[in-house]
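Encoded as structure tokens, the following chain is the form predicted alone, with no partner shown.
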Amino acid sequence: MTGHVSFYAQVTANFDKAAALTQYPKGLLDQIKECNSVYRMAFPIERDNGDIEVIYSWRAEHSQHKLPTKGGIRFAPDVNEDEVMALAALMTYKCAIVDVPFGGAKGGIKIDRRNYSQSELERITRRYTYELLRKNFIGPGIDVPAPDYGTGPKEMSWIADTYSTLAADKLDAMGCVTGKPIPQGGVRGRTEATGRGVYFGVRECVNLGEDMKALGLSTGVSGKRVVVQGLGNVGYHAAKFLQEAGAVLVGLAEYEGAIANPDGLDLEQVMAHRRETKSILNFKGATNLPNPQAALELDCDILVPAALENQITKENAPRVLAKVIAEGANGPLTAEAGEILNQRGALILPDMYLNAGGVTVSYFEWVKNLSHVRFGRMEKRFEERAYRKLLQASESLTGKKLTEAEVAEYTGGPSEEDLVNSGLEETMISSYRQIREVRLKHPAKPDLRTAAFISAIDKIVTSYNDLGIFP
């Protein structure tokens, strides 16, 4: 059933719901909503056995109200134009919500990467980059891709290398893509950024007593029963940070199945079991569930769908018991499912806010590439010396001498990763507070997703007005 739901229609429906609560002219709202450009590519690659195969791919630039546009590239067998357009639109709104100065974009290559060798994947990625560059769909000031489902630092390094080879005169060439390996201009903390952002967003939500009281929950992450669907980069790190904060993982789901234990599952032990057996099923002490979707219906406080879109629909939404649904993936709930859960009184943390950690840290990486200096390089030792002087003054006044280990702990200046994580934490906290303020101040008292859309629309309209396009 889920395959028949238009993802782009879901995003549009949510936008229209929020737009109806604003006072902006219809033409302006239509312009914000429309996808600016979609580039469909079909190119040949040679397989390792000498066969020629045509590869189909897309790149969508949803909004150019700010440049460059920004969005990941996914490798998946079910990639299609509708999905790419929807994800590009979500990126536009996501960047606006967290005040990252990008327009939204997204790319996809229609392949199952498990069916291709490393060298074949490299040829596909490099040819895709060439096609983008040929039509001016990539560049540090034009359109900056990033990892997504089925891609990672290695693919980003191929993109960066291909671009810098073809545009060798560009000083800022490494800023053409983010999510790169550290030696190629990547930023520390990027790998776990989206999952860490999910954790920061959930933590901020459950720390607000008024909202938790309405749900019948206590404040704080500790003790909350959590189910995570999807143990890829986002789901794994979200589960990891939530568990470290004291949450109890009562259910985990992957494409091969799902497991549950009301007393809690040890994430690292589950991952070790999966590496050994190629499956999370049959984990000691856990119950196997009949299918992965069953995990969505487990009794829990917080549900984190961190797999693919359209996982919760009008069919299974009435059976979802979680009081907080934290959208780690893009579009895991259909618009109809969201209505059902809102009416039940659940609190939905929308994807375009909650999984914005990736694009936030990608922004930091892009800034690092353009400035050509590592975060922390200039201030780390200065701050260490300043802290050390303060400790020495305290020691002189109190007569107490600290050990060298204590001095090192108290005086350590921030590393690049410290600064990146601090910036991400501030972004997630301040953005949630902005969305919640819109929700509380608006006469209609919209749900958080609608409030997030209103916040995004307000900021995009301001950008258009600043450009003088719509005086």
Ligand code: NAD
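Numbers follow the displayed sequence, beginning with 1. Computed from a prediction, not measured in an experiment: that's the story for all the values here.
Omitted here: the form predicted in complex with this ligand. The next part is about that form.
- Only one of 213 to 221, 155 to 163, 262 to 270, 324 to 332 places residue heavy atoms within 4.5 angstroms of this ligand in the predicted complex, namely 324 to 332.
- The single contact residue among A86, V234, V206, I97, judged by any heavy atom lying within 4.5 Å of this ligand in the predicted complex, is V234.
- With the partner omitted here, the residue from I142, L133, L289, L308 that has a non-hydrogen atom within 4.5 angstroms of this ligand in the predicted complex is L308.
- Contact check for T194: a heavy atom falls within 4.5 Å of this ligand in the predicted complex.
- At a distance threshold of 4.5 angstroms between non-hydrogen atoms, N355 is in contact with this ligand in the predicted complex.
- This ligand is not drawn, but in the predicted complex it has no heavy atom within 4.5 Å of G185.
- Mapping the unseen interface onto this chain, F283 falls outside it, with no heavy atom inside 4.5 Å of this ligand in the predicted complex.
- Taking this ligand as positioned in the predicted complex, the residues of 114 to 148 that bring a heavy atom within 4.5 Å of it are, in sequence order, P147, D148.
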